[in-house]
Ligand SMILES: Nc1ncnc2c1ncn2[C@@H]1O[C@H](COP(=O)(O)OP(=O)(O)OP(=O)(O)O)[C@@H](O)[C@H]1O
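Before any questions on binding or motion, here is one chain by itself as structure tokens, the form predicted on its own.
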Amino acid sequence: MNERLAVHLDFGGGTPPRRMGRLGRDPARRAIAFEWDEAFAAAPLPVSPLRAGRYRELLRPDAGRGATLPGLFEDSLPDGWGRLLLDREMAERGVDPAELGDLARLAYVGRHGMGALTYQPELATAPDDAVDLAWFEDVIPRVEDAAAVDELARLRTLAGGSQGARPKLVALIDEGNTRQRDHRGAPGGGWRAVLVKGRGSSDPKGSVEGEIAYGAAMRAAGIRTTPMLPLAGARECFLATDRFDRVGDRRLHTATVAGLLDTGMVHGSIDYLAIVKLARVVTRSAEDVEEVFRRAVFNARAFNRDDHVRNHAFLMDAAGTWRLAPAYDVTFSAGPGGEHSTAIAGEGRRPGRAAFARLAQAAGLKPRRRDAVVDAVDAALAQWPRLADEHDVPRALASRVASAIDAARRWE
């Protein structure tokens, strides 16, 4: 059992990792605490920018919400698909997943999770060479009850500590987008880091194609995303998108809104008003603040209601500069209880121009600029029928999305 983990910031690019401190169990409180490294505390990077320079105190979980890790490190925990794989593998090995603590889960993430945080000692396996998408497609339906332990271990390694419910892996892909290999290898020579994900068991047919079409609509609306492309499987289409936490051989520290605000993964726990404020404080960029507003409008108009606190993120480079991460996981979704996971100026069910006006005011946008953003989003989404056709979205799903977009435009 892991009782201590050393935590480093590894920005890659040939620079040595920088020790941040260590995670360990506090026997007095029977909980995990993080102790900052003295050298890091003396000259810290703002990995937790809302702490206002408090890098000498022990960092503890929020006991009020029952957290087991500080939010800074919760972001690294496998969740959804990643957690399922690790739990299934442990069960096959005769280990009760309920007894697998968070330190052990972070040790399995090791040096190859999201962002630049790394954990040692890690529980690693040898890298694969090629990544077989046909094998991945074949094994997905067997994960719950029929996959062998070696298959589960390979899937868990390929997942790279990923989050979200859909089946996914991270990989390096070649310039022709035809070959994938282990994400833990060195990029270069035309290879780049991508996230590959498939359709979830509860998703409608064509949901992957739909997400790619949503990406095209977002870019038409002026929203930043990473490039997306379809990969053909034997039976299904997969989505590949460039990883925004990897730039060549460099890595970026990544923190979700959940991690920055230490909220945990709770639907309805936050409002876009708070994300606007967070963007202003963390990035000090009027452009990023406006981008949050633009994304809120798009999510409302396009019925992306799975806009929870882990589907908004920020990136920090090796100089300590923060910026808003590209938009991700944006697609048609009814949301929990038919509402947005993140309310828009207090409105979760039918956010329209009144909610946009309140959010725009908080973002410091003048009415003329606010209306221009809303009009740009509406103009982009007016292209939905063409975009759906170009990206092979099934007719039934495309029609359902079109009806939802039309309804959302009438909300006041």
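Heads up: residue numbers just count along the shown sequence, starting at 1. In this text the structure is predicted, and so the values were computed from the model without any measurement.
Quick note: we don't show the form predicted together with the named molecule, though the next part is all about it.
- With the named molecule omitted here, the record of contacts in the model of the complex names 327-335 of 327-335, 150-158, 91-99, 129-137, defined by a heavy atom within 4.5 Å.
- A heavy atom within 4.5 Å of the named molecule in the model of the complex is found for exactly one of 253, 294, 183, 197: 197.
- This chain lacks the partner; the member of 236, 87, 262, 242 within 4.5 angstroms of the named molecule in the model of the complex by a non-hydrogen atom is 242.
- When contacts are judged by a 4.5 Å heavy atom cut-off, residue 226 counts as touching the named molecule in the model of the complex.
- Interface membership of residue 163, defined by any non-hydrogen atom within 4.5 Å of the named molecule in the model of the complex, is confirmed.
- The named molecule in the model of the complex comes within 4.5 Å of a heavy atom belonging to residue 311.
- Mapping the unseen interface onto this chain, residue 306 counts among the residues with a heavy atom inside 4.5 Å of the named molecule in the model of the complex.
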